[in-house]
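Here you'll find one protein chain in two forms, each presented separately as structure tokens under the names structure 1 and structure 2.
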Structure 1
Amino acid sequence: MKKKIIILTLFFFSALLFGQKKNEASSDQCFICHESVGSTEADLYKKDIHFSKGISCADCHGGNSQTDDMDKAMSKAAGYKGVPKGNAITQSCIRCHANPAMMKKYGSKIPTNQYANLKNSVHGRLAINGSEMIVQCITCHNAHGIVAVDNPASPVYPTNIPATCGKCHSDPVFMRAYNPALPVDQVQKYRTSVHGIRNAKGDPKPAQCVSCHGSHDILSVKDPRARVYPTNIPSTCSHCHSNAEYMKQYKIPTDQFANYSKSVHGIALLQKHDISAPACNSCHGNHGATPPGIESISEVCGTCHALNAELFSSSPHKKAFDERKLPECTTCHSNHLIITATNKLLGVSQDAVCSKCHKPNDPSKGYMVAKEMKQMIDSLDSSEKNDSALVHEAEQKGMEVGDALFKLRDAHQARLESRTMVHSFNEAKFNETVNKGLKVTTEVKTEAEAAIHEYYFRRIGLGISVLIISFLALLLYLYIRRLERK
């Protein structure tokens, strides 16, 4: 019996509280009047989250909502403001949304720093009329039909965000007034991406505009604090792609960021802060982000490594890779974990990439060619290293080795060219490049050894000259002493 009384008591107070909130909205004479005349705003406001919280029209528009006398309700004495314009719109919103105490009063846990972020964002700048911000709260959230962000009807619900952002960013006339260089096809490209396709199918998890650019705190891509600044892009993508639980349903790896961080590209970007180094979007695209297909990988890599891609496209491996449906660059160099290319990749050792396909019993010449190319390039490396030591020794001894140093740069260039020429997989072309370098190293070695030989020749000659001069001086000294005695 006591249990029933407690339940009935709780039910009574819940009903009373709900009825009080409902009554606050239903006693709003502004709303009642506008609803009676079939106002669109009133119809929208019935679905508004503020309506469910008991917030009246007067809380935003001012005036007295408790009287049905229009003159009294809309009098300036009652604080009536009418329809807010420009920044006055946002100022009306932040009366509550920038006030922690007020938000707590309504049981809201959403942040209260949105306005501060908005002011410092690209959207917080002055509009072309110079009197208000580019974006107001209602630009994205609507005015009278505002619903929670997790409501699929909200303009800022993940599946609706591309269209919401596209209202401005896909309008060439509007965007030309602010930044003519900014593309207006981002939404169109996004719809072709893996993210965009899934988003269009109703999946709210894939990345959309806000996922990468932020919401209230959107900054210029040139701002080092922006989430899409080159050095920040990997961590931005990693926010989802390194989350195994979040990515579980998509069945793709989540170690891309860990591998990229250790790669030659990741070290250049994240450790050396070289913003010209490729980030995720350099290969996958940004708004049109899609994993490169087998046929397009060489084109993606070839954007930077143009000569390598050109040589590979005319090599015998091109046909072999196409027949086996192997991705061109990544088969040998990997994708996210790309290490610095060294001579170890070439040849037939266990660590060499050539040995993955070419075995000792390979009927083609591949095995022998890989073995010979490795020997040739090792010979060039060794010669350059030894010659560099000889030239350095001669230079330290004070000998003139300007020409040898200049030729040594040619040998180094030949070594770099030989690494590029590997991608042709043409023995004759590769040997021609290596032999050019070996010829230079031979000349450098001859000049360096001649300089060192001349150094020692001068030292020996100087020593002999000192001895002769010393001997003559001694004879002259003895002769003078002899004359003095006489």
Structure 2
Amino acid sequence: MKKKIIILTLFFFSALLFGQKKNEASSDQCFICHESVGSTEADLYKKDIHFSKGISCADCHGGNSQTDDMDKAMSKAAGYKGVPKGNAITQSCIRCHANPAMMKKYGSKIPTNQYANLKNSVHGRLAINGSEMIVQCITCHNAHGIVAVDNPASPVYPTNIPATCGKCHSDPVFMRAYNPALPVDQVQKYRTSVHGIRNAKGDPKPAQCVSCHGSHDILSVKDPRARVYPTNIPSTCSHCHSNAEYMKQYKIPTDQFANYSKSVHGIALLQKHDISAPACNSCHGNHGATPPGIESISEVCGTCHALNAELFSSSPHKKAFDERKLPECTTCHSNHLIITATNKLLGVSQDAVCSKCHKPNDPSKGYMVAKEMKQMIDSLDSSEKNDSALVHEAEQKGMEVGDALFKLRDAHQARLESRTMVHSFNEAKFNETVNKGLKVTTEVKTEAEAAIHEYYFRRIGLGISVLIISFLALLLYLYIRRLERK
């Protein structure tokens, strides 16, 4: 009951306030006159949020709005400015929009830092004429007929943003003046993305330009503070994609970011700040963001992991995977949660990926081959480890093992190559690589053992000299005895 009264009272007062303002506006002589001559500006201004708040034409254009004498109203003496040009446009907006007290007076809750952000953004740089910012408020928000952002009629309403940004960013001639290397196909690509298709259907929730790039505070991709700087991309995407509530209606998982952060790629990018490591957009695309299709996965991963992709494509698995509609790399390596591949993936044990398809009663050779490959790579692994221990033992004993250490690099290389060679799923090719490594480890083992043997051999030299010294000592003893017996 109480609530109702409060609401009613509020309603009453606001109606009162509104009516009063309307009166004020209708006494705006500029507007009355310009409307009567059928000016488009005046027509548009009728729908403007500023009009409804009682802001007069003179508040931006200067002059005296109280008189209907044109000469007086638009005289310099009355402060008439005419149509503001360049930065003067933005200056007239920020008289209120950068002034919290003023905004409060009009009962607005919108932020007042837009100008500060704009000034520091890429759009705040000087335009080619050298006298104004590239972008003024009206470039995106229009001049007359400005409506609230959440009004679908606004040029900055989510579904209108791609077109608004595209006004400049899809114009090659315009963009060449500022950033000739920057592509101009973003909107075109965007329309092919999942985001863009939904956006075109009128859904305001999917990401559009400002969701990722920011609005007033847009920074260059190369700026580490930018939301689209490689290391910031995962958190930018996760802003929506990890929000289960927000994503509910789209029925897709929301654990990608959590998984990615734990993956080898996520660790490289987010913890080691290796910006060559892939972020979300490296696989999904950015403006054209879409999950890669099953057939294209190996091509996508192959942009970096080329050798593996190439080997896979010419392997017997290619056909088998295609027939069963299995996604290529991710079937074994997972997608967002790609952890460092270890030898454990290979083989026929419980946690090995081969055993997911290849069973002991497999009609093809798969099971046997997986088992053998695993044995081969394990033996290379352990002989490399043994060698390394032997060489370091010899080194600690002060033996010269530079050659063996140098050769050990080849074993390391053969091990890494054989891990790549697994993707050929060809036993002969794989064995060739592993055997190359095993040959090296045998050589290193021989050398290291020889060095350790040499270390113990030193004792023979010691034996000889101890013998000589003891012999001399004995003679000396006899000599002293003889001397003293005299």
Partner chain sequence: MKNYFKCLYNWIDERVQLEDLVKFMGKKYVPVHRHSIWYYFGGVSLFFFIIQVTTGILLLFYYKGSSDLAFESVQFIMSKVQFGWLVRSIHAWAANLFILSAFVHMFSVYFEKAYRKPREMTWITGMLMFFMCLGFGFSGYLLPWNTLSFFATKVGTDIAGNVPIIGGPLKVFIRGGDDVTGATLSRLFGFHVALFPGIFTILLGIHLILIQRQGISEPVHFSEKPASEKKTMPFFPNFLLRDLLLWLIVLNVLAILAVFLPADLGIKANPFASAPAGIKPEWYFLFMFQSLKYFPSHILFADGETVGILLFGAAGVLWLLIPFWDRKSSRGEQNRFVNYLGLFAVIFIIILTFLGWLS
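Counting starts at 1 with the first residue of structure 1 and goes up one by one along its sequence. We call the rigid core the largest set of C-alpha positions that still match within 1.5 Å between the two forms. Model, not experiment: these values are computed from the prediction.
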Do you reckon the form predicted alone is 1 or 2?
-> 1
Residue 460 C-alpha moves between structure 1 and structure 2 by 2 Å or more, core aligned | yes
On a rigid core superposition, how far has the CA of residue 472 moved between structure 1 and structure 2, in Å, if you could check?
-> 3.1
